[in-house]
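Encoded as structure tokens, the following chain is the form predicted alone, with no partner shown.
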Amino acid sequence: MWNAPRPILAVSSVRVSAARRRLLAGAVCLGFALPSMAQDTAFRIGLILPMTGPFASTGKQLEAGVRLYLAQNGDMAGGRKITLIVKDDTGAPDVTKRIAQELVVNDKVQVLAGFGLTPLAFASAPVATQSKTPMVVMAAATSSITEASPWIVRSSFTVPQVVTALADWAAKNNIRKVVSLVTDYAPGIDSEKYFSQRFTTNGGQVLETLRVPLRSPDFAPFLQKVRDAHPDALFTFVPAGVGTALMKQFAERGLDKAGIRVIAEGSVTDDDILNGMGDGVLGTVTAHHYSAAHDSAVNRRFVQAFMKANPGMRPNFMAVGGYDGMRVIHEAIKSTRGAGGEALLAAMKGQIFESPRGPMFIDAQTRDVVHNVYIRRVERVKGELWNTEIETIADVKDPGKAR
């Protein structure tokens, strides 16, 4: 991974106040005017990511996307020097909340960003609200996250956006009966709910709904239930990085040979791990807002630059969430000349731009992302596995907020 130099973290508030007292005493004795803290031109962003533990790949992709945007567009905006303060929350919500509090109180950050999983975003939302600090969610995808605080802006996606598109595709492609298998936390429950609602509305039947634990899942007993039910397809959602184990066990238990297809939320065939999933994943159909194979000039430049800066990594949807989230922050700093708080939040709303994922904008009312959703099929191209886009649904709003 690109080892860009890390910023020096701000000293604690206790030590700063002691230093200021000594400076004040000296200034009074010598008759000097005390410099104003307003002369500090640093614009601090607290980037909270799971850098260790089971979701470390999420954090690494997010950080790489953020740093790539800054490398390409500069760390100065609106006359302010952008400083990243990167913190590892290990994927634990209590740690995330504590770090968010420390970043706001001790490090005086103007923006909180990152949030690799839904529970981490929910844990930090009260901190953003109480401190009136804009919070950019770059990964977590549960529909209701932006409703947890009026200070949240999302640059990633929502699960309902992609699974409803997949349900429509399934109904048009002779899939009549499915078993649903999801990870048992908020995005998985969203996946189950919104896919099932749309699929049954389209005339399909959900034979059974299964939920597996978030940490250390064993898919074998659940996959046996899938096989026993004899569906046309397995609909599934698991977090990024977990799809390899799921697809391996799917093949080991012979579900593919039993004629059961896999249709999935796009995290299952995460671009960063896809090449290691083997031929058993070929033909898997997913829906998502980004594929590294997306055919646009903007994306080709993005993928090339990302892989050059991060040897051995292929950008996935987390990297794009970080890249676009940093773009939203950067442009807001520029347009407000570095103002924080409400002015910065207002400047994030309504941004429209061309992302590596395609055209997108931040809905000014919901503070959520509106973008294309793609139906993709895993194919081998020039010796590598790719999520090849086969259908585009344009300008998809979150169905959870489209009421």
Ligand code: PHB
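Note that residue numbering follows the sequence shown and begins at 1. Computed from a predicted model, the values in this text were never measured in an experiment.
Note that the form predicted together with the named molecule isn't included here; everything after this is about it.
Trainee: Considering only heavy atoms, tell me if residue 149 and the named molecule come within 4.5 Å of each other in the predicted bound form.
Mentor: Judged by the heavy-atom cut-off of 4.5 Å, residue 149 is well away from the named molecule in the predicted bound form.
Trainee: Is residue 133 close enough to touch the named molecule in the predicted bound form, meaning at least one heavy atom pair within 4.5 Å?
Mentor: Residue 133: no contact with the named molecule in the predicted bound form.
Trainee: Is residue 317 close to the named molecule in the predicted bound form, meaning a heavy atom pair under 4.5 Å apart or at it?
Mentor: Residue 317 belongs to the contact set for the named molecule.
Trainee: Answer for residue 185 alone: is it within 4.5 Å of the named molecule in the predicted bound form, judged on heavy atom distances?
Mentor: Answer yes; at least one heavy atom of residue 185 falls within 4.5 Å of the named molecule in the predicted bound form.
Trainee: Quick check on this chain: which one of 110, 286, 142, 161 has a heavy atom within 4.5 Å of the named molecule in the predicted bound form?
Mentor: The option sitting close enough to the partner is 142.
Trainee: I need to confirm a contact call. Of 262, 82, 332, 117, which residue comes within 4.5 Å of the named molecule in the predicted bound form, counting heavy atoms only?
Mentor: Checking each option against the named molecule in the predicted bound form, the one that comes within 4.5 Å is 117.
Trainee: Where does the named molecule sit in the predicted bound form: which of 98 to 106, 133 to 141, 271 to 279, 228 to 236, heavy atoms within 4.5 Å?
Mentor: Heavy atoms within 4.5 Å of the named molecule in the predicted bound form occur in 133 to 141.
Trainee: Within 245 to 278, which residues come within 4.5 Å of the named molecule in the predicted bound form, counting heavy atoms only?
Mentor: Sequence-ordered list has one entry, 267.
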